[in-house]
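As structure tokens, one chain now follows by itself in the form predicted on its own.
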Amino acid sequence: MNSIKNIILNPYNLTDQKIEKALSIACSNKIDFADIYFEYTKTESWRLEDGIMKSGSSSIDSGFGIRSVSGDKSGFAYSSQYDLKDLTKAAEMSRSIVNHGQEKSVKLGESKKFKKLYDSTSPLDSINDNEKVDFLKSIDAYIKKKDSKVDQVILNLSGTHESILVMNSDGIKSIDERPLVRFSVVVILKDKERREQGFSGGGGRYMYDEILNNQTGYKFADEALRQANINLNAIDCKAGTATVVLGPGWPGVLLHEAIGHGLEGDFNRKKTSAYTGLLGKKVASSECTVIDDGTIAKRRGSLSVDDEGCETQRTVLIENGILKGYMQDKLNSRLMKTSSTGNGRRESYGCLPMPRMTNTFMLPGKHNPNEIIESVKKGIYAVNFSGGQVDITNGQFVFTASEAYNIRDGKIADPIKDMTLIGNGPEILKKVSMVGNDLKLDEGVGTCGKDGQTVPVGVGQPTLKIDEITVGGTQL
């Protein structure tokens, strides 16, 4: 608790008693619960492009947000000032938005004990700035030396250290110190008049040395080069309906977008999800078991506690094709008469929390990946995706592949480009006929957007076979 204590609480003399008083003001007999979220975040970012350090930036953001909840209504006020008068004014405003009522006394409990999933140390201070710049320059030189076709290299290295303190009218008092680093590589190759790119990267809740000192950065550089070279030789994708095999790891982003968002509690409480009212019903092939797990140590999407002070969990969403549950925050779980699953997340102190994914993935099945490829006479093998979009209300999605291949007679054949997958999340899950035994989580680059807020997440899956899906392409 040293960071929050030394930077926010002690300098402003914010004792437990004063915070209890603010919570009492934010609460009333007609309000279900109230909470205060303190945050102090330091962020830095480094960008090297065309062999030149194009930017280096750092920032500090800190403040608090107070929320009063009554039924499905939330009163919310926030400030970057920590004086007791600011805290009191925000508490009064928060309560008045939903219900004036009579002030209710609140008592805080002891600091909550929970399993720490990562180091509390700040990655920003783990190495000096010269080492960060030297690392980026060494990766740039390595890539250019390895392939004469290199036209452009773009490298990004970033780090964050976030300190949070959550206190609420239920007595919760949770503190968390969260490190996060991310490194990405974009390589553009040029061969005659054709230019193609490859992308790779990774990160997690650890120090910079996990990337700088373990040859990990060079591994990502090699992967970006490999992808770019594959794409230089790719042919146009043929449009139509096809059997598609998705590779392990990052293709789980399709699962995240097309299925995961539809399993968040708020969409189901409001009856706007394609999965509303289907608990206990078969919504996927019996081969499919889907998990959201925020408890995996050092993962990008993991949290020791969520942004409402609740411990994250391993939540079974779909088990052998049967819908088992939704991801919940405090507000929606109360209204749906269930419990929080530790999925209450927010981008910053100036945002309301909502149910969000952490690390969402499909569990491994019984099939060898080679067996899955060999079962396809004619189809597509999609290894990586560059982006996509989904309509939560009906599950319709469109995803663009950044690396894909034709499958002919059970063998991976020529690479293809400009391939998109078009379908319906709930329907596609029913067409999964084989799931591999090679579960892989992504390298740690995922960021999820919802209602204007972005948070770090993880995805993953084993190799899996979709018997039929619409494929968009430039070859008719």
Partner chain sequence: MLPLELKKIKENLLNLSKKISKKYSYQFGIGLAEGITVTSRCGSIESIEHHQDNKLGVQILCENKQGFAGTNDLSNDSIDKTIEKAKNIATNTQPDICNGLPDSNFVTSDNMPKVDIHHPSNLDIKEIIDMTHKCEQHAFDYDKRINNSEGSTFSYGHTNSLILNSKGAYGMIQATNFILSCIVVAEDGKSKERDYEFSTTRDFKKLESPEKIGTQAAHKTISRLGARSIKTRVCPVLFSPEMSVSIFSDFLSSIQGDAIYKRASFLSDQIGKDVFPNFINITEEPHLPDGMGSSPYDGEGVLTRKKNIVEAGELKSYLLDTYSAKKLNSVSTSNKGLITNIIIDSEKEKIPNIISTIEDGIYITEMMGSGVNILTGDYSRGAFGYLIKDGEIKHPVNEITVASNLKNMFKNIIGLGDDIDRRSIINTGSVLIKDITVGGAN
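Residue numbers count along the first chain shown, from 1. Computed from a predicted model, the values in this text were never measured in an experiment.
What follows is about the form predicted together with the partner chain, which we do not show.
Among residues of the shown chain, residue 410 is not one whose heavy atoms approach the partner chain to within 4.5 Å in the predicted complex. The shortest heavy atom separation between residue 438 and the partner chain in the predicted complex exceeds 4.5 Å. Within 4.5 Å of any heavy atom of the partner chain in the predicted complex lies no heavy atom of residue 114.
Taking non-hydrogen atoms only, residue 74 approaches the partner chain to within 4.5 angstroms in the predicted complex. Out of the listed residues 135, 405, 206, 78, 78 is the one that sits within 4.5 Å of the partner chain in the predicted complex by at least one heavy atom. Between 384-392, 282-290, 307-315, 364-372, the stretch whose residues reach within 4.5 angstroms of the partner chain in the predicted complex through a non-hydrogen atom is 384-392. Annotated contacts: 139, 171 and 434 are all free of the partner chain in the predicted complex [non-hydrogen atom within 4.5 angstroms].
Annotation for 131-169: interface residues with the partner chain in the predicted complex are 133, 137, 151, 152, 154 [heavy atom within 4.5 Å].
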